[in-house]
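Before any questions on how it binds or moves, here is one chain, the form predicted alone, in structure tokens.
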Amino acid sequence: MGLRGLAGLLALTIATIWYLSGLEDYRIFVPGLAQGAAMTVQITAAAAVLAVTAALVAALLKLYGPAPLRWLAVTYIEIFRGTSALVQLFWLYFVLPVFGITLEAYTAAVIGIGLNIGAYGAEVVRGAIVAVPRGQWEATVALNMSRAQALRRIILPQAFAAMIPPWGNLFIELLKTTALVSMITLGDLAFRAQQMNQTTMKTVQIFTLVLLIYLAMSLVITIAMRLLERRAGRGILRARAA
């Protein structure tokens, strides 16, 4: 689906939420779900920043780091990819206090989800860097660039364009993973919905709104990443033309 189609679907989703929020059976749930959605957005944004940072560091260490740091990066990637995100959250929030380390629920959520998605993202970054044509590296050697200069000026800008589509998928996965934070007492969208459903048993109304809110948020992410992908593609074309 193109950008216009995605924008149209987003507009339709928002219009549907607006319409339902005006109906008596749905109106009562809107304020609480809006508060939960705000918490979900906060966790998503903070965890996304951590995920990108962790992915970039881990990928570079895995490719170019000294042996101890390379093994540390590999260990991080395999542990967080090979275990459940829910178990990771439980470890951060419930198990670490046994060892004298206590994290607030919000902090545990951001760290757990950010590192989990970052582990998958590290392989995306690594693959994009490796996919840059070897001739680009040879050109940096001819220009007498250091490895750090080559990565910063030549390799990473080209790899960035290849990273955008898979990172869009990872950000949407991150958004959906935030539903797990309700298990460590955070009042996100899923937590608010569960609370309301237990007290009112209005399952259809509550989870219809929740479904539409999640869809709207994921569409915003998709549109933003498509725009970023288009801009990155134009930048590469201008650079090649120059």
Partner chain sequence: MWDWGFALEILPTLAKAAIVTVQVTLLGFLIALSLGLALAAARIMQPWTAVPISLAVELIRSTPLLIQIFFLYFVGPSFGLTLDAMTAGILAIGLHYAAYCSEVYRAGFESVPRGQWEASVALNLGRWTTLRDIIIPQAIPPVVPALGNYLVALFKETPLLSAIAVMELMQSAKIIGSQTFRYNEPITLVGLFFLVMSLASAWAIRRVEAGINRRYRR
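Computed from a predicted structure; not experimentally measured. Residue numbers count along the first chain shown, from 1.
There is also a form predicted together with the partner chain; it is not shown, and the following applies to it.
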May I ask whether Leu9, Glu78 and Thr208 all come within 4.5 angstroms of the partner chain in the predicted complex, judged by heavy atoms?
yes
Interface stretch in the predicted complex with the partner chain - options 26-34, 63-71, 169-177, 45-53, non-hydrogen atom within 4.5 Å
169-177
State yes or no: in the predicted complex, is some non-hydrogen atom of Ser218 no more than 4.5 angstroms from a non-hydrogen atom of the partner chain?
yes
For Val95, is any heavy atom within 4.5 Å of the partner chain in the predicted complex, or not?
yes
Non-hydrogen atom contact Met183 with the partner chain in the predicted complex at 4.5 angstroms:
yes
Within 4.5 Å, heavy atoms only: does Val204 come near the partner chain in the predicted complex?
yes
Residue among Ala162, Leu86, Ile154, Ala105 with a heavy atom within 4.5 Å of the partner chain in the predicted complex:
Leu86
Residue by residue through 184-199, which ones have a non-hydrogen atom no more than 4.5 angstroms from the partner chain in the predicted complex?
Ala190, Gln194, Asn197
